[in-house]
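The form predicted on its own is given below as one chain in structure tokens.
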């Protein structure tokens, strides 16, 4: 009789002990995690300035360690809730005067516009929605990655908070994103992403990507995040492609946030003409 009573007491105590042990070890319970979509919305609501200009140096490193470098001048503005980005290539000579222009529309269902000016052809090429998963100018960033500029395409994905981790020693929340449909996955080239979100500043410090076959594809590291004019600003992006061994490094400098900017740089005429 006494033995059965002790068993009942032990059975009642074990669940409480398990909870206390998990909390003591720092294991996050599922019900303590924020809702996934709200996390994505917080990332997109982060202040990144009305207007910004910056120098962007792109390093393309192949699997053997050979490096090519490109110097660009990048501009971004918001027109209402719509985002516009223009990138002008300055060096080396073989890509000089190449330019990229993207309009990211806030309204749901409105297809974004992207154009690439190729001086050798003297032609502006429009990037269609089906091409947005293509790689941009030999980098490991896609056209869509370039358009997002650190934000999240909420309309393309379903979100779930899946745990906690650290990125470069900094605690963060793991946000899983899966494409809403198979056709979206094919366009993006991703079947799943998991981002390590720093909840103090709402920036993804690391993002893992899987291809449409479910294989690990690439990893983005976002580093050297510092305040510029009171705005948290990433200054080093490293994208590693696990399939090819190729790596792209973006070094960002000379960042200037402004209240106003010459909007003429955000036009097809401007990317033809150049800076």
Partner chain sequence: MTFDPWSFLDRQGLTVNLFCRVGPHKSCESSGWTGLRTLLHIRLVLLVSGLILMPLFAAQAQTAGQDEEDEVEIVYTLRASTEGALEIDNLDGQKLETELLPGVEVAFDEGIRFTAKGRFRYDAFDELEPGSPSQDTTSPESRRLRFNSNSEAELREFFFEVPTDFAYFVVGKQQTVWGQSDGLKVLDVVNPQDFREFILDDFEDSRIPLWTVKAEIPLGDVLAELVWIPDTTYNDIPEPDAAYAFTSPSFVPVPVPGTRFVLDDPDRPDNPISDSDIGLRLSAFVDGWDLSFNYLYAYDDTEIPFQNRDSFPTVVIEPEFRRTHLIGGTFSNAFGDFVVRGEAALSTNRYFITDNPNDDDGIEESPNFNYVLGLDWYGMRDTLISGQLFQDIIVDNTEGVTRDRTETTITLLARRSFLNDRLALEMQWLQGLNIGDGLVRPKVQYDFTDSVTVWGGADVFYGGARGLFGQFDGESRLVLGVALTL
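Numbering follows the first chain given and starts at 1. Quick caveat, the model's predicted, so the values are computed rather than measured.
Beyond the structure shown, there is the form predicted together with the partner chain, which is absent from this document and is the topic of what follows.
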property	result
Check all three, 208, 232 and 251, heavy atom within 4.5 Å of the partner chain in the model of the complex	no
Stretch from 161-169, 144-152, 105-113, 194-202 whose residues place a heavy atom within 4.5 Å of the partner chain in the model of the complex	105-113
Residue 78: touches the partner chain in the model of the complex, heavy atom cutoff 4.5 angstroms	no
Partner contact for residue 180 in the model of the complex: the partner chain, 4.5 angstroms, heavy atom	no
4.5 angstroms heavy atom contact with the partner chain in the model of the complex for residue 68	yes
4.5 Å heavy atom contact, residue 74 and the partner chain in the model of the complex	no
Interface residues of 179-196 toward the partner chain, as seen in the model of the complex [heavy atoms, 4.5 Å]	186, 187, 188, 189
